[in-house]
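Take a look at this single chain, the form predicted alone, given in structure tokens.
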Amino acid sequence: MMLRRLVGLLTGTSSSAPDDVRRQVANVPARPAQMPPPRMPFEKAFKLADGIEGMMSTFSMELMDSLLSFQEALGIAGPVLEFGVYKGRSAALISAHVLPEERFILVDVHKYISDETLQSMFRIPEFTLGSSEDFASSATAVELHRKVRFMHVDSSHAYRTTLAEMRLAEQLLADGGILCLDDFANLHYSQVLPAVYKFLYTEKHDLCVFLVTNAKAYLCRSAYFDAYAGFVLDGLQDEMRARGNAETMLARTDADVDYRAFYLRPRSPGEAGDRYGPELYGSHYAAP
């Protein structure tokens, strides 16, 4: 019972949610009636990112580009931060969404990325050499408190590091910010899952998962769950189609107060429709 009450606070579902959470809900911008075109055509962003060595798939690029475009449609702005840069494949895709007045910060323990690649991005980033733990104790982290609108984490995936990165995200993420965790469902890094859920269900915060894929998890502040999950439910697959991917499957087989995230994956051969098991789980697709 205590755990349920705690999770209710964290997901914004409890009637006894703190006043600051209720105020955030009241301040969530309305979803636009029609998605405006992205700041940068996806084809152009994809071409730059796809030419850089790395593991980020086309599916993940289509999805991240869609979510960043929706965030921009909500009018959410602020610094953008990435831990674990490697040669810059994901950073290049993200750079297409960073405005000149927004800080774009890349952090890695080694400088694998070339200066040429840094200069080729749509928004030239600041590169910081060091770990996420080093960054957490830096003056820059203090400056970014509750301001970061998009934070992509693809660093060591060690258990303690992931736990520390979750705590850092709680400190840095803006009200309408998105936290993206790489290799969330990659069981070569199975320690990521317990680290994330240890944080989510035992520590004080207001983050919640709104979407998972075979590669990544996307989290937001609880006040923004309905906004982002509503987009996943009603608009994300259309945005994926607009980026050339008409073969996606959305799943949610439970919508418990403690956990309501969606799962998006490529459609399997022979599958029909856009939603998994509507005859069994149709009620879970009725609302965010």
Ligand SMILES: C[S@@+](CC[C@H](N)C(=O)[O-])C[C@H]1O[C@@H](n2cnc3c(N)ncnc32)[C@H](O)[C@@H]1O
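Since we're looking at a predicted model, the values are computed, not measured. Numbers for residues come from their place in the sequence shown, where the first is 1.
If you look for the form predicted in complex with the ligand, you will not find it shown, but the lines that follow are about it.
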### Task
Scan Phe122, Tyr86, Tyr201, Tyr159 and let me know which has any heavy atom within 4.5 Å of the ligand in the predicted complex.
Tyr86
### Task
Would you mind picking the one in Thr140, Gln171, Asn186, Ser131 that has a heavy atom within 4.5 Å of the ligand in the predicted complex?
Ser131
### Query
Heavy atom to heavy atom, is Ala164 within 4.5 Å of the ligand in the predicted complex?
no
### Query
Is there a non-hydrogen atom of Val98 within 4.5 angstroms of a non-hydrogen atom of the ligand in the predicted complex?
no
### Query
Going by a heavy atom distance of 4.5 Å, is Met55 a contact of the ligand in the predicted complex?
yes
#### Entry: Exercise: Tyr112 in contact with the ligand in the predicted complex, heavy atom 4.5 Å
yes
### Region of this chain that lies against the ligand in the predicted complex, out of 218-226, 55-63, 29-37, 243-251 [heavy atom, 4.5 Å]
55-63
